[in-house]
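Listed next as C-alpha cells is one chain, alone, in the form predicted on its own.
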C-alpha cells in the first residue's frame, strides 16, 4: 500500500469536475494534474469483464435505459459517455477495465477500484475480479465497496489486495467489520466525519479516506483531522495540498 500512503489528493472518477466521469479523458486530465491515484467504479458485464461505469443502468451519463450488465466489452464501444457533459466530449467511450489496466501500466498511477455490486451474485463478482486483477500490482491497487457481502466474497480470491468498506457514516460495529473483512481502512463521507473518529480508527491501525471533497474549506477541515487521503472531483485545483499536508509525491 506504499503508493496510497504517499499522497493526500486522489481523483474521484478521474478529473470528473472538468471531464466526463469515469472516462480515459478524465483519467488523463487527472494524470496531467499530477495525481498519484484515481478512484473509479467497476460494473460487471455480461461476459464477466468489467466496465468503468457507476450506475446499474444507462440514462444518466449514457443515453438509453439498458442495464450495464447486458453489455459485453465489445458493446461498450457503441456507448457515448461524453455527450451528456458537453458536445466537445461527444464520442468519449465507456472504458473497459482491461483498457484502463493497460493505461495504468503506462502511467504508474494507482487505482482504487470501487466495486458496484448491482446484484448479489457475489461469487460471480469475486471470480471475475480475481481473473481481471490477477496481474495487478498490490501496491498500486485498492478495492472498495459499499457492499460488505461483496468484499467478503472478494477477500479469499484476492487476499493480497487491500480492501476498504465505504460508508456514509462510521458503522457502530466498525471494529467487528474490520476484523471480519480484514480491512485496510474505511472510506467515509467527509460531511459525517469527526476528528475523534479519525483518531480512533488510526489507533486501530486503519486508514481513513474521505469522499467526495470539493471545497477548499472542507479539505482544510479534514486535513486538520489527519485523514489519510481525500477523493475530489477537482484534483487539478487541490493537488498542492499533497505538499502542504506533508505528503510528498
Ligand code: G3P
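What you are looking at is a predicted structure, and each value in this text was computed from that prediction instead of being measured. Positions refer to the first chain, counted from 1.
Keep in mind that the form predicted in complex with SN-glycerol-3-phosphate (G3P) is not shown, yet the notes after this line are about it.
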query	finding
Selected contact from 178, 161, 96, 166, since only one has a non-hydrogen atom within 4.5 angstroms of SN-glycerol-3-phosphate (G3P) in the model of the complex	166
Of 191, 202, 223, 54, the one that lies within 4.5 Å of SN-glycerol-3-phosphate (G3P) in the model of the complex (heavy atoms)	54
Heavy atom of residue 89 within 4.5 Å of SN-glycerol-3-phosphate (G3P) in the model of the complex	no
In the model of the complex, residue 239 touching SN-glycerol-3-phosphate (G3P) (heavy atom, 4.5 Å)	no
4.5 angstroms heavy atom contact with SN-glycerol-3-phosphate (G3P) in the model of the complex for residue 73	no
Interface membership of residue 122, SN-glycerol-3-phosphate (G3P) in the model of the complex, 4.5 Å heavy atom rule	no
36, 111 and 234 all contacting SN-glycerol-3-phosphate (G3P) in the model of the complex, non-hydrogen atom within 4.5 Å	no
Residue stretch of 24-32, 37-45, 191-199, 62-70 approaching SN-glycerol-3-phosphate (G3P) in the model of the complex, non-hydrogen atom distance within 4.5 Å	37-45
Any residue of 6-28 that, in the model of the complex, places a heavy atom within 4.5 Å of SN-glycerol-3-phosphate (G3P)	12, 13
